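To begin, one chain is listed below as structure tokens, in the form predicted alone.
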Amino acid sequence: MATQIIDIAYLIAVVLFILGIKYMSHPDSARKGNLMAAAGMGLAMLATFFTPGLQNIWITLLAIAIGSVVGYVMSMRVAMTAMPQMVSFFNGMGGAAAALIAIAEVYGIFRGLDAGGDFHGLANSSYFYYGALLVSLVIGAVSFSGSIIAMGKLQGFVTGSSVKWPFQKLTNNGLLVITLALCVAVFFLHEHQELLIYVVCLLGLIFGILFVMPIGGADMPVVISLLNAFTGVTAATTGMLFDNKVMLMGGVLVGAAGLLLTLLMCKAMNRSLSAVLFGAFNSGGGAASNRDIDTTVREISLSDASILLSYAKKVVIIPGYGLAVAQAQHVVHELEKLLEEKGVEVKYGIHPVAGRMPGHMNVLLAESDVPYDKLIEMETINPEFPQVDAVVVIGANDVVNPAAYLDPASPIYGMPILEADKAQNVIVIKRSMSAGYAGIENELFYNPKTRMLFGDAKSVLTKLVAAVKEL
């Protein structure tokens, strides 16, 4: 009877996971989806306590209590600009948990062998079970160390947008081959291989570090979603190990969603999945375009900018990571409301990889109560730009660079962008003329229709709001 109740609870939890993911696919229902998925996880955890023969209940409760307190404190204190770092950290903890479980299980098998048991006679020691353990161990270790390095890059603990070294691809791919070869050795020579198991775990940790270290900031959205998929795989394999249906299905959902998101991010950044999987990440790093373009920089005053925006019929605001760093989302929402009071139609153009993680700009603007229907995705907003009177680019760079479709020699050529250059006027709010993550000049800055408004985004927008109010 208890087993049937647990299975029913797990089924309900999986349904809640699926509905949660569905609702999280749109900003106006994302909060509901998040709560539904959390409820499903809570139900699954509660049902697990009724598993017959469950041991160490008080230790488990203590671990849950500690994790809940830490998670609550972190989520309440973290700023929206640091949300990608927190996602990377939590993702890494999932990978670490899977790797530790695998090590504990393998250690248990070896203790049984040392006691004189036969491999096939030990509980849960089939080759399928043993293989799943090795998969969880390696992928969990890679996910943990890779996620921690990604978090360090985003937070600034790990310096440099990308780190290169001689024979980088050869080193990474060679280490991967060695790790897999050792896994095969452990798989077939399973007796008394404790040291080899720890070596495999160590190599997995090292590979995770080397895998992420060369990746520049422009590729961070891709690597975060890929590592998330890795953690989903480890959760699924761990679910198979313990015949836990909800862990298996939850891991499959996370892995599939992470992989799908990775594919979408690759498409948005004009990268192939094979390039992601086999270490062909790069930070753009190309030279400036060889095309003969006029590099004259044209500035605009706050007064002229306020007049241009106030008397426009249609304005599109394009946010980027610079907006997040300056924490200017509330000020830009105030500007939007002021312009609408003057009869201006205002929308936001959202690029799928703007910021440091997928959906970063959506979350940031939603925090400042920007209506969801004003957040327009790239494919929808691009056809409207020729009819837009003014575009305001705030802290975005590569995602509006027209070299992506004008310059075949550009490192970002073929990358889908927000086609701001097709609007009637463009105002770029930026601290300086420095390049974006791709490390190349942004041709939009030199477009005859573009005017630069230099300064910190929050400061400039605050003054711009005051100027609009005076009109």
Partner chain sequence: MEQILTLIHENLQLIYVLILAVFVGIEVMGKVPQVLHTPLMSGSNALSGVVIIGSILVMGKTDPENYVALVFGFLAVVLATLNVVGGFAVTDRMLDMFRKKKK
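The term rigid core refers to the most C-alpha atoms you can superpose between the two forms while keeping them within 1.5 Å. Here the structure is a predicted model, which means the values were calculated and not measured. Residue numbers count along the first chain shown, from 1.
The same protein has a further form, the form predicted in complex with the partner chain, not shown here; the description that follows concerns it.
Please identify the residue among 397, 244, 179, 306 with any heavy atom within 4.5 Å of the partner chain in the predicted bound form. The option sitting close enough to the partner is 244.
Could you spot which one of 205, 346, 96, 266 gets a heavy atom to within 4.5 Å of the partner chain in the predicted bound form? Spelling it out, the residue with a heavy atom inside the cut-off is 96.
Though only this chain appears here, would residue 311 touch the partner chain in the predicted bound form if you measure heavy atom gaps against 4.5 Å? Outside the cut-off, so no.
Residue-level question: is residue 224 within 4.5 Å of the partner chain in the predicted bound form, judged on heavy atoms? Residue 224: yes, in contact with the partner chain in the predicted bound form.
Is residue 41 close enough to the partner chain in the predicted bound form to count, meaning some heavy atom within 4.5 Å? Yes - in the predicted bound form, heavy atoms of residue 41 and the partner chain come within 4.5 Å of each other.
Does at least one non-hydrogen atom of residue 67 fall within 4.5 angstroms of the partner chain in the predicted bound form? It does: once the partner chain is placed as it appears in the predicted bound form, residue 67 has a heavy atom within 4.5 Å of it.
Select, from the options 414 to 422, 441 to 449, 398 to 406, 42 to 50, the stretch whose residues sit within 4.5 angstroms of the partner chain in the predicted bound form by heavy atom distance. Comparing against the partner chain in the predicted bound form, the contact stretch is 42 to 50.
Sequence-ordered residues of 67 to 94 touching the partner chain in the predicted bound form, heavy atom within 4.5 Å: Contacts from 67 to 94: 67, 68, 70, 71, 72, 75, 76, 77, 78, 80, 83, 86, 87, 89, 90, 91, 93, 94.
With both forms fitted on the core, give yes or no for whether the Cα of residue 54 moves by 2 angstroms or more between this form and the one not shown. Shift of 2 Å or more: yes.
After a core superposition, would you say residue 453 shifts its C-alpha by at least 2 Å between this form and the one not shown? Moves: no, less than 2 Å.
Comparing between this form and the one not shown on the rigid core, is the C-alpha shift at residue 422 2 Å or larger? After core superposition, the displacement of the residue 422 C-alpha between this form and the one not shown stays below 2 Å, so no.
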